[in-house]
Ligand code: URA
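First, one chain by itself in structure tokens, the form predicted alone.
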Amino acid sequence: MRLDQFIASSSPLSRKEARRAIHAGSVGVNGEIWKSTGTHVPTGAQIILEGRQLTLPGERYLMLNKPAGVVSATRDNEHTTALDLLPPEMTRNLHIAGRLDADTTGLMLLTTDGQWSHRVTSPKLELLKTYRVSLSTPITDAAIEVLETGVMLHNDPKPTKPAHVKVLEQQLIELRISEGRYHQVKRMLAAVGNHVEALHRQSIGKIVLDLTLEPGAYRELTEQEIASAG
């Protein structure tokens, strides 16, 4: 990790302010003053900023109940982002593991741990994702058969992997898939002649959206939930 990034991650300073502190000679690494912002910090090095030792905070793992209209981005000049729903002090180095469309609601995972988010989103692990899908017309037995066999999507060379469909009501289903193609659920239902009116993600792997979380609310993941994606 670069020295300026380390300081920005372990102190109240922004990246720009960290560079200023380094240039001013306010930063020591293993007892020596460093003035190069881009130098990488050795593992286990002692970093001192104005007489105070810095340590990196632990990784953060959160679940958020995403409301409709919130975009899956860290910054957006026109729309509310997922990170806008969190206290500013919690958002540093946080990123989204598994994005959702703006109009899709439900489980969103956010973390500072890049390796963990890679495991959550890696197609190789095939973590099952469960969605509650409201439809414009009743689901047919023929459509269910196609969904559970594999659907050819427009401009995709291969069919989707078999999904699992549970009919809750005539126009409400629970759909479980192991892939994460672009707009996959909406495109799958369109391919079988239906239209998604509302989409809500309930789970990713063994991590299930906490039903006590109101839309826009969040909580930290438990150790068991974090380990389940490993």
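We number the residues from 1 along the sequence you see. Bear in mind that the values here come from a model prediction, so they are computed numbers and not experimental data.
Missing here is the form predicted in complex with this ligand; even so, the following discussion is about that form.
Of the listed positions (100, 109, 143, 127), a single one reaches within 4.5 angstroms of this ligand by any non-hydrogen atom in the model of the complex, namely 100. Site annotation in the model of the complex: the residue of 47, 70, 185, 63 reaching within 4.5 Å of this ligand with a heavy atom is 185. You can rule out all but one of 153 to 161, 77 to 85, 113 to 121, 100 to 108: in the model of the complex, only 100 to 108 has residues with a heavy atom within 4.5 Å of this ligand. Contact between residue 199 and this ligand in the model of the complex is found at the 4.5 Å heavy atom cutoff.
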